[in-house]
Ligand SMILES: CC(C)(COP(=O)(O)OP(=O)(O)OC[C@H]1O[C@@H](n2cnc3c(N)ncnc32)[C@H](O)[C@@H]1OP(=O)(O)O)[C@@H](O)C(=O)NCCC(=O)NCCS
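Let's start with one chain on its own, the form predicted on its own, as structure tokens.
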């Protein structure tokens, strides 16, 4: 799908009927998609009309959260949508009382570094984050672990 400049992209909370589209975007990008439905209430999707063209989510564990599944349709990458989704999910995390965000990435460390995340040792994450499926089994040990403080 190619969004012309005049097409409006709207970011809203994900709905149950968005799961298949989110999973398809993640699979196409080679990103983990397992468990999306379990955490859907903390997912945002970007839509052009009714088509899902981007997504991002949180797994909240007390005052820490795992940022997961940031994905943008290939034809819309490099146009600011990923940055917008990241900013929106950070704001949502702050509204939920999250103080630290964590993530794992094999391909986007530079993208996240430009948005305030810093690389940390995987062993320095709180137990709730270390116990997520993404940390335990979905992401390889070679993935870069990153953290960002969330300001209210």
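All figures in this text were calculated on a predicted structure; none of them were measured in a lab. Positions refer to the first chain, counted from 1.
FYI, the form predicted together with the named molecule isn't displayed, but the following is about it.
Engineer: Mind telling me which stretch in 108 to 116, 43 to 51, 121 to 129, 88 to 96 gets its heavy atoms within 4.5 Å of the named molecule in the predicted complex?
Structural biologist: That would be 108 to 116.
Engineer: Report yes if all three of 31, 78 and 104 come within 4.5 Å of the named molecule in the predicted complex by some heavy atom, otherwise no.
Structural biologist: Every residue of the spot touches the named molecule in the predicted complex.
Engineer: Could you tell me if residue 70 has a non-hydrogen atom within 4.5 Å of the named molecule in the predicted complex?
Structural biologist: Residue 70: yes, in contact with the named molecule in the predicted complex.
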